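In structure tokens, the next block holds one chain alone, the form predicted alone.
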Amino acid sequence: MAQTYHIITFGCQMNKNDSEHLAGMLEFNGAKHTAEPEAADILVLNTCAVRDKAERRVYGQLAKYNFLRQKNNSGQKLFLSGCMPAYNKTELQKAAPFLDGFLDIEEARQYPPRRENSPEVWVTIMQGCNNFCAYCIVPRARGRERSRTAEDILAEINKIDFTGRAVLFLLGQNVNSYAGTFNGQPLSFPALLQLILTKCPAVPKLAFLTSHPKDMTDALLEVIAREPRIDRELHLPAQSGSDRILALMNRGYTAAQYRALTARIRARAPDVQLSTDIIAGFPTETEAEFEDSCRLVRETGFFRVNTAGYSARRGTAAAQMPRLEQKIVDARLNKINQLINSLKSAHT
């Protein structure tokens, strides 16, 4: 009898796409999917390490399912994958010695994905990041930037059945720094978008996550402006409205440069809706600098704002900086969320 598997996914769209490849690898090796995690012979937790809260959820789920398999004497195999084992496998082995092993994402990506039945479909075009933002664990968890060739990307897209699909998301930790090749020649991200729109006519709508403001070029804006099949929401993480904090974060732009970029986007493509990310309570952030972030949110008119309180990640530059009291971080996060809610109410 074939073994069954279930995958629990934490984190971003890339993790969801990774889980599809993990499923493809398991099914290639004879396993069958089950919707019930407790009933699976193989249970995989595909993890996220962006914030401490995400890691604590993983540890809680590990303890839960280890308890259940012992209680039920099920013989279930428990595996971890994703970002957590990529940067702290030794600690995981100490904290959860009952684990049966780890599944490697790079190996899983050699297998065709078992895609979810969803209006969204995801294709990863590059992995890793070279930016080393002070708060971010991605370079340690995912490594340096590696871009797929356009031939590989086009081949994957053209195998997708887009029936019932609304949008194709191109994924990368820093997606608009894509630097692949086509026919052996260098290919930029704007050129890749145009290539996909030309050679993949079945794609209903094309979107991409996540963009870095410093890599938002005029050539990319030109493609967005002239191609109606490109999604009209553009996610552009600001992270802070304070120049000093942006410099500490190693973001590579000032608040004025970010504002100028958003103005340029709206002038070139006025139907584009902007969304962003803001971190509240970054180490050493003053009340005035936090207010700079609030001002940026008020003045820019974002379609959506994702917020998070600062979470220290071991091995990052920010983890060595003097941290604010947690009550201050929580208060600022609550305050900016209230601001966002009030802005939404004013526009409804």
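Start at 1 with the first residue shown and count on from there. Source: prediction; values computed, not measured.
Same protein, other form: the form predicted together with S-adenosyl-L-homocysteine, not shown, and the subject of what follows.
S.K.: Given that the partner is absent here, does residue 311 sit within 4.5 Å of S-adenosyl-L-homocysteine in the predicted complex, heavy atoms only?
M.R.: Residue 311: contacts S-adenosyl-L-homocysteine in the predicted complex.
S.K.: Examine residue 237 and determine whether its closest non-hydrogen atom to S-adenosyl-L-homocysteine in the predicted complex is within 4.5 angstroms.
M.R.: Residue 237: contacts S-adenosyl-L-homocysteine in the predicted complex.
S.K.: Under a 4.5 Å heavy atom criterion, is residue 135 part of the interface with S-adenosyl-L-homocysteine in the predicted complex?
M.R.: Looking in the predicted complex, residue contacts with S-adenosyl-L-homocysteine include residue 135, since a heavy atom lies within 4.5 Å.
S.K.: In the predicted complex, does residue 173 have a heavy atom within 4.5 Å of S-adenosyl-L-homocysteine?
M.R.: Residue-level check for residue 173: yes, a contact with S-adenosyl-L-homocysteine.
S.K.: Look at the stretches 27-35, 43-51, 62-70, 293-301 and give the one with heavy atoms within 4.5 Å of S-adenosyl-L-homocysteine in the predicted complex.
M.R.: Contact-bearing stretch, as computed: 43-51.
S.K.: Quick one: of 231, 243, 116, 277, which gets a non-hydrogen atom within 4.5 angstroms of S-adenosyl-L-homocysteine in the predicted complex?
M.R.: Result of the distance check: 277.
S.K.: Heavy atom within 4.5 Å of S-adenosyl-L-homocysteine in the predicted complex: which of 210, 88, 194, 74 fits that? Just give me the one.
M.R.: Partner contact (heavy atom, 4.5 Å) among the options: 210.
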